[in-house]
Ligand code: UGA
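The form predicted on its own is given below as one chain in structure tokens.
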């Protein structure tokens, strides 16, 4: 039986990966996280050993050592990863994503264990197209992101928006440095907006603060508040269904020779959307899911990024992943379109958090 370590097993991605690996029946998981709510159904599974503590706890790395020495892979998923936190808590963001985490690389390097790290597409920073005085995007080279070629362009130091991206980038570089010196095998994954059930929190229900865009829009729909478009909602994002993303991670774990010492973009380039169009599509799907046509007229309003996030926010205009490497080396391809991704995810939110009074779900025949 294969043994893997998952740091952040109780989070959005970690819980879905835990589901998938345990379902295979041939994987034993040593999982670390502060919360087990999303993996509670597995707590009695003999193939799942849950360690309830933060990854940066004083004792965690001492406990990890013996497990790392005899595991198949160390999967690093734990991170501070919401834009509101980057701006409001840049020190915590940098500490969490690099300072409190780099010892994991040291441990894996010491044992020459396979470190499987989920980074972020944010490491690319701003696109070259954002510096060109046009928005027609005729030149693919200006905004398509290729793992081994595209330059990583951060905004000014004073803009805390990039605290997360730079911490993640330095973590990647530290992985490369150790691999070069010790031979430690690694795989780095750069996710592109993975959406699905269990993603984020709803403020006032099971969390406080500002979540990512999907949960922000869902909160507005649930609470009857306007959907807020930051700086007009013109930024593009590529949305990827969590099951498709887990397919990619599983293929990497199954094919170490193809996956090791590689960086992979994992995103569905066919599901690109502006935040403004995302808001309108979510209104439409809310009406379909609940059977309430009033959602079609749900208010949408513009808000400045300074007012929404606070001073120090800066956005990138567009992120389009080149996924040639994942397709050619792993045989992976995203299967789920944007509309179905949102339908599944939004249905989960309505079921998890309750529909507004008087709304009845629409079930497929």
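This structure is a prediction, so every number in the text was calculated from the model and none was measured. Positions refer to the first chain, counted from 1.
The following text describes the form predicted in complex with the ligand, which does not appear among the structures shown.
K.L.:
Taking heavy atoms and a 4.5 Å cut-off, does residue 117 contact the ligand in the predicted bound form?
P.N.:
Answer no; every heavy atom of residue 117 is more than 4.5 Å from the ligand in the predicted bound form.
K.L.:
Using the partner position in the predicted bound form, report whether residue 48 sits within 4.5 Å of the ligand, counting heavy atoms only.
P.N.:
No, residue 48 sits far enough from the ligand in the predicted bound form that none of its heavy atoms falls within 4.5 Å.
K.L.:
Classify residue 315 as contacting or not contacting the ligand in the predicted bound form by the rule of any non-hydrogen atom within 4.5 angstroms, answering yes or no.
P.N.:
Flag for residue 315 set to yes.
K.L.:
With the partner left out here, check for me: in the predicted bound form, does some heavy atom of residue 199 sit within 4.5 Å of the ligand?
P.N.:
Close contact exists here: in the predicted bound form, residue 199 approaches the ligand to within 4.5 Å, heavy atoms only.
K.L.:
Counting only non-hydrogen atoms, which stretch in 286-294, 100-108, 148-156, 233-241 is within 4.5 Å of the ligand in the predicted bound form?
P.N.:
Correct option: 233-241.
K.L.:
So which of 186, 264, 192, 124 gets a non-hydrogen atom within 4.5 Å of the ligand in the predicted bound form?
P.N.:
Looking at the other structure, the residue within range turns out to be 192.
K.L.:
Can you work out which of 36, 61, 332, 309 has a heavy atom no more than 4.5 Å from the ligand in the predicted bound form?
P.N.:
Contact with the ligand in the predicted bound form is made by 309 alone.
K.L.:
229, 275 and 319 - do all three of these have some heavy atom no more than 4.5 Å from the ligand in the predicted bound form?
P.N.:
The answer is yes; 229, 275 and 319 each reach the ligand.
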